[in-house]
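Shown below, as structure tokens, is a lone chain in the form predicted alone; questions about how it binds or moves come after it.
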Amino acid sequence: MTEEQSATFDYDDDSVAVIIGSGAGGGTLAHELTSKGIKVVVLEAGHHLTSDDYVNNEWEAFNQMAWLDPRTTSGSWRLARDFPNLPAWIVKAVGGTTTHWSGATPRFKAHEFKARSTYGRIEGANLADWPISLEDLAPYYDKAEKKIGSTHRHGRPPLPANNNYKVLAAGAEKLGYRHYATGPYGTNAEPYDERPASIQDGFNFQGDKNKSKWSTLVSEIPKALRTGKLDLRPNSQAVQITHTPEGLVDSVLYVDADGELQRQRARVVAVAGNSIETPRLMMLSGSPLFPDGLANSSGQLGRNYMRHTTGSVFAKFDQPVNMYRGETMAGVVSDESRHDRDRGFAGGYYLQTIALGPAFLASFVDPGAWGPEFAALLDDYANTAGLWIVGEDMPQESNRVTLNTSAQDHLGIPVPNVHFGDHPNDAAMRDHAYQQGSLLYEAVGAASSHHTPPYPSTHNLGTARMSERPEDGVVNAFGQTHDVKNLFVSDGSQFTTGGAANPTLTIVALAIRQAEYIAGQMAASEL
């Protein structure tokens, strides 16, 4: 076997753990389990793109990487109008959306694990406390930060400050903010863990040809392959999880690269398809024993969909900023991530630098706009600075992923419909963040600022939530489904609430913890 050659396990090998998806959760889980000697089959719906395949061109790279299978949208969110077929901006390829993420790695705060206890009852919100605390996850956060190589953590040096960050930091100081820095981010400032230092090329969202940004594609998957315990199967779309009469999962049906239906037997199945595809697959796996979807006795599968409260502020200056130079996102202001009801909402948010190229700026800055004002936004590109808002949105039972039986994908399977509407708390938070973003830029001389509506969702969370009681959610504190003991959820779907932090670090930490639990349960013959 060569250094990174995939193993080959038999379709009837019922000793394997099958992981569906290879992103932050699935890819990390695969490495952790294989390093413990467990045989793993990873089913990835997308291609196995590598750094040699990536192109540093925004729309070409988007079409190369993005999950473009048909989806439908409904609800009052603006995406249903602007991007009705693209509710989420995620990746369909080995490495999943870690090949697209910005690299931001803040931790959840203690109160964000206890949102129901901290915020109290909020009308219309389905708040619950996580069945774990920050104290429970802290050692796994340490491991995740070391795995990713988060800057500003464990002795890792910070990324250099680019112009976009310098404008952000100067404005933050003027507003009296105290907590701002160029990280933590999962992009190397110096070589680390076989990955080179960033060359500051500004193409974070296009796959990072330089491999300086952590992803499961460049880190966890190759490490898992080297163990000889990973059978990586790209272009393999899972379509159903089957179970025994006793209610234990026993195989996964998937369509392979040749369009043939295959059945892989399994000892354990972990679903890590992002918070849209994960509930979709579990719903498609319904049976007489699970009439409302696999492991859905609670009725919570697909519900409580969260995508973070987002938006952007782009500001025009009289001198060049050249925001595209350096890393796409390499700066964060954390002062507003606290919980302070005096601002008119529960929870908090971050302000983070963002830079879009001219093509993406034209597409996302004000979808549907036209005319002189829109043209001026593009004409002033060189003099523009940008930030992105990311904050905690409220889980609502009505915000949900369902099967749209009137629309089908290329396999003839019902597509997911994503229904979302802002909670009043979300709208109040976004308005406050827009205001603060504009004030931040005005404090350092901005001539004007523009509020960009939310982009297609990159932080998809909550549709198979963790809960202490089986009637309140889908999985327990280890991502193990309450109804089926050998079925796990390993991505952001398991989030009970969204917090304000970018979710990847927490997904990775949970996957490390979950792998430890699965290995222990297998060793004890409980799985």
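From a predicted model like this one, the values you see are computed outputs, not experimental measurements. Heads up: residue numbers just count along the shown sequence, starting at 1.
Quick note: we don't show the form predicted in complex with a small molecule, though the next part is all about it.
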item: One residue of 187, 300, 384, 97 in contact with the small molecule, assessed in the model of the complex (non-hydrogen atom, 4.5 angstroms); value: 97
item: Heavy atom within 4.5 Å of the small molecule in the model of the complex - residue from 220, 327, 277, 208; value: 277
item: Any non-hydrogen atom of residue 168 within 4.5 angstroms of the small molecule in the model of the complex; value: no
item: The small molecule contact at residue 140 in the model of the complex, heavy atom, 4.5 Å; value: no
item: Residue contact check: residue 243 to the small molecule in the model of the complex, 4.5 Å heavy atom; value: no
item: 4.5 Å heavy atom contact, residue 305 to the small molecule in the model of the complex; value: no
item: Partner-proximal stretch of 53 to 61, 454 to 462, 29 to 37, 470 to 478 relative to the small molecule in the model of the complex, 4.5 angstroms, heavy atom; value: 454 to 462
item: Candidate spot 74, 293 and 416, all three touching the small molecule in the model of the complex (heavy atom, 4.5 Å); value: no
